[in-house]
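Starting off, we have a lone chain in the form predicted on its own, written out as structure tokens.
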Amino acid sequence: MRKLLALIMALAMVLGCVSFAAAEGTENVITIAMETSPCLDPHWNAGSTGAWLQSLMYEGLYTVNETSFELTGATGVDVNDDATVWTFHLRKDAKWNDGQPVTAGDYVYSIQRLVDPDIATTYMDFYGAFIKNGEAISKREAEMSELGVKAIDDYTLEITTQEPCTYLDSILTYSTFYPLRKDVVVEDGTGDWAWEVARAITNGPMNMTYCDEDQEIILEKNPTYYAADTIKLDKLVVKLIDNSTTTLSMLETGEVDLITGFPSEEATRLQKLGLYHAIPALSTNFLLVNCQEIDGNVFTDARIRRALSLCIDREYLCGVLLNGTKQPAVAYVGNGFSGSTPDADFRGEGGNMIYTDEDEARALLAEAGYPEGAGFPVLTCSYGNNSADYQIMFEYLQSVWEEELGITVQLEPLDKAVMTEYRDSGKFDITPQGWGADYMDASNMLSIFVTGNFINGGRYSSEVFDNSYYESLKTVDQAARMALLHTAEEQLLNVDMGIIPLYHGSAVAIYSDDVLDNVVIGASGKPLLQYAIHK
């Protein structure tokens, strides 16, 4: 039914209005590939592909650009002295794609929906906690009328934070704070309404005109967007494919123009062909280690987790096995996040926290009661079978852990859906995970390891970590706030080794300069395709 509705609405939109491209005679059409079933509901989404498409379909108060972010949904903002009250003066020329104005009430509804316990969206507890009484409302300890967000008038929005928050502007770049139209949302606990073209009432540079969530999504230029004359892209065709080898083949045969994922063993060849375009990304890939206090789980011992980490030669893993496509992790939070001053770097101030030392690893394992691996249970590495990189990486880890520690390692490649279920339910020893910053502050990288965070699949828990992180949220002084975040990271790695960082990613776009022009990779790590041109 959804696919039939999408087809009907796509036809209706074509008949109902003539696109800019059709009027001009020549369409600028780009075709890309990404994973199937991206979530398009701003409050249910927790994936990078969904966020990427949403950034084209919606516009919030702030928008990520090439190097940072800028105020876009408003023409100005007033912030009180302790950064607890932010008053936004909204654009009066911003419209939804059906012509209705975007008002402060649309932002109020969206933030209310975020924290509504009857809806219980993905980031209800995390992002709701930044808004005054948001967390209390999500726990049914306060009424919605007490939420720190209100429309002063149609074009004046006031947001009050729970604690002083000097970096709220960065947080508001994330898709969960996009405005929403209440009359188009359907609450069924899934967010699937957002795949329906009839309900795709959005305010960004592109409209969704067709959606088959397993096969293809089409976006077209939005003629009601206030800055439509700056948008170069007329149509974006999104092929939904889960296999990176397949998408690379499609690129090379001309079926798609750009991809962002590929098998790392192809990196050198793609670089030689001039197809590889990359910048450092604000992301880290790591191993989740099952930290649950359950019978027979040896991985609750921090010495064992540290021993596993100490055996890994990240320079070799990244430079040789992954063909230089990743940057070896020297800590968890990578470079690119502000430090104690705007000009300082968080990682530069915190220094390196990870190294390789096989002798120390063996000593720690013996100290934990398993000299030369004697008596250690079989270690199972579970991971998705759709990534050639994972297979290469875990074959390497299997080799070094067996050789250096004398333990037996079993590899368990699984279908994507099965792997997701395993991770969410904690049915694993070790599994890979990655996290890219939702907003450009080191606190966001660390936030996922707070006790109880749903992304914290290894169930890591530390009172010192939690206290340091939460104290940082209400600290106005930037140097003091960063010191608290460094304390949290120190606890996570140097004390507990609650996870095992492997590498920092690169924001990569694979395409030919003979085919595409003006492809800019934004600070979010995704190409800003609305400005790209198909030659």
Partner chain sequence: MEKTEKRLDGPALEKLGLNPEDIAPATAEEKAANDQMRPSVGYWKDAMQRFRRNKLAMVMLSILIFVILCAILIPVFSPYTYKGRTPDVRQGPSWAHPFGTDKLGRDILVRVMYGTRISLLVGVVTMLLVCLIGITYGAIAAWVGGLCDNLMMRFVDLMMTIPSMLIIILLSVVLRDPIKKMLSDPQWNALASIGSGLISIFAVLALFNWLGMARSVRGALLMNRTQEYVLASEAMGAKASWVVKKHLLPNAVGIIIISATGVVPSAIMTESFLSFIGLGVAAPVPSLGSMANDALNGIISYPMNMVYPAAIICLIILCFNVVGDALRDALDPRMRK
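Computed from a predicted model, the values in this text were never measured in an experiment. Positions refer to the first chain, counted from 1.
FYI, the form predicted in complex with the partner chain isn't displayed, but the following is about it.
- Only one of 75, 456, 224, 323 lies close to the partner chain in the predicted complex, with a heavy atom inside 4.5 Å, and it is 323.
- Contact with the partner chain in the predicted complex, judged by any heavy atom within 4.5 Å, is made by just one of 411, 185, 330, 201: 411.
- Looking at 204-212, 125-133, 103-111, 264-272, the stretch with residues near the partner chain in the predicted complex, meaning non-hydrogen atoms within 4.5 angstroms, turns out to be 264-272.
- Although the partner is absent here, residue 83 sits far enough away that none of its heavy atoms falls within 4.5 Å of the partner chain in the predicted complex.
- Not displayed here, the partner chain is approached by residue 248 to within 4.5 Å at the level of heavy atoms in the predicted complex.
- Interface membership of residue 116, defined by any non-hydrogen atom within 4.5 Å of the partner chain in the predicted complex, is ruled out.
- Put simply, residue 316 is close to the partner chain in the predicted complex: some heavy atom of it is within 4.5 Å.
- Shown here without the partner chain, the chain has 388, 391, 392, 395, 396, 398, 399, 400, 402 in 388-402 lying with a heavy atom within 4.5 Å of that partner in the predicted complex.
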